[in-house]
Each structure stands twice: as C-alpha cells, then as structure tokens.
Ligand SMILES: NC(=O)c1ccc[n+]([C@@H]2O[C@H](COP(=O)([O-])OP(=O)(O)OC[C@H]3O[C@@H](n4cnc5c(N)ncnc54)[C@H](OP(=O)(O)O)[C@@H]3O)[C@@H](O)[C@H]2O)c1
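Next up: a single chain in structure tokens, the form predicted alone.
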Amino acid sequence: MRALILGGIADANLLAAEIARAGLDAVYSYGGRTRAPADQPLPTRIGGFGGASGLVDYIRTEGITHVIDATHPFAAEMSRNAIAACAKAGTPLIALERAPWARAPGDIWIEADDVNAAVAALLQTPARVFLAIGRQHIAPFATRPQHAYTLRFVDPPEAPLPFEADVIVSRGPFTLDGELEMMRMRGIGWVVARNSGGNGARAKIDAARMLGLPVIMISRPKLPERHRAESVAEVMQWLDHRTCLGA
C-alpha cells in the first residue's frame, strides 16, 4: 500500500501523524500556496500536479494505491481533479471532509452561494468588514471600496492588494477570546466567511454570534459524489479495510 494525502486542512496533519504511527507508506502533498508549510512526519511534495492528467501520471509513476483528499472544502478544482484522476487510474479515493457549520441560536447569517453573492449581500453603508475568506478570493470586494476591510493571511501578501486593508498575518487555530478581542479592537461590524466547518476556524463564527454581528456565510461549492469521511479515525478504518481486501 502507498497512500497519497492531498493536504490542506488541519485534520490532514492529524491524519499524517496517524499514518506515520501506523507505519504505513504515504506521501503528503501541499498545494504550494503557503510559503512555510508545517513539517510532516511523512515524505512531502509541494506544488500542483498539472491537472487531472498530471495526477493520473503521478499516481501511476509513484505506485499510489489509495488517495485521501484532505484539501480545503473550497479547493473545488483540486477535488474535482482528484475524482477524475482516481476514476481514470482505478485508484480508491476518500475525502476527509469535515461537516459544515450549522446555524446556532443567535447567529445572524446571510447565506451566499459564492463570493460575488457575498459582495452583493454587503450593505452600501460604509462598515468595518472582516474578510475571512483567503487571499485568492478578495478581489471582487474592490467593487465596494467604501468599506474598511480587515484581512488575515498565513503569509504576508507578496503583491499589492486590490484595495486598502488592515492585514493581520497569523496562523490558526484561533481562540474565541482572541477573536473577540480582534473584532472589538477593530470595530468589526460584518464578518464574511466560507462555511469551512471544523473547530480550527470556528471561533470567529462564535465571536460574531456573541457580539451580535451579521455573518455573510458562503456555501461550499458543489462536487461530484464521492466516498467521504468526517474523521481521521474513519479514514484509518477505510485504509485498513482496503488493505485487508488487497486494494
């Protein structure tokens, strides 16, 4: 058996640790967007594959027998490529996909299908807006320059931003107390977030509820049907089961 982990979420790191402890042969793949990725207990590779066809070539060349898609829930292109590549290569695929957040009592959510819909959901009245959506998706908000934006990135931006913004450079997970302090200090009036799910990024949603702030919640992209798990334990069971079957 030789597994390929397509990393991107915190649970992918936990999975890598479990696979290493089990003594299984695996490779951890980073997409390459983070300049200083976390160290892994497994051999790693950084960068794209060159689309679905490139991933097929990698699977065959490296003798990959199992693929775990543990990318971010909004990394739709990579997930679609993994589905197509594994189907063509005949390689078992499972997605480690944490459940989306559910609205809780007190939440003020405005649902948006995508980033453009999130931009449209902002009021015209100037406000202080925390864009918690990643640097690849902020450009459409330049059409609403009247707002004062706060951004938070893992790495400092290398290129000029499409609008003036207060940039926080920090790596999560973030605490509820920390998020409350950040929002109060900056006078945040709106939060824009993607429904990533999980616990590592949830604190900003809980903080917004406690402060009575509206959250524009961007829904996850639609993906083709695939086998999925919500926990590292489920993926390990799947790997053990597939190995026992000789897959």
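The structure presented is a predicted model; accordingly, all values stated were derived computationally and were not measured. Each residue number is its position in the shown sequence, starting from 1.
Below: the form predicted together with the ligand, not depicted.
Candidate site formed by A121, H147 and P214: none of these residues places a non-hydrogen atom within 4.5 angstroms of the ligand in the predicted complex. Only one of 173-181, 104-112, 76-84, 122-130 lies within 4.5 Å of the ligand in the predicted complex by heavy atoms, and it is 76-84. Looking at W190, you'd find every heavy atom of it more than 4.5 angstroms from the ligand in the predicted complex. Taking the partner from elsewhere, G31 is found to have a heavy atom lying within 4.5 Å of the ligand in the predicted complex. Heavy atoms of I9 reach within 4.5 Å of the ligand in the predicted complex, making it an interface residue. Not displayed here, the ligand is kept clear of K88 by more than 4.5 Å at the level of heavy atoms in the predicted complex. Residues R45, G47, G48, F49, G50, G51, T71, H72, F74, A75, A76 are the members of 44-76 with a non-hydrogen atom no more than 4.5 angstroms from the ligand in the predicted complex.
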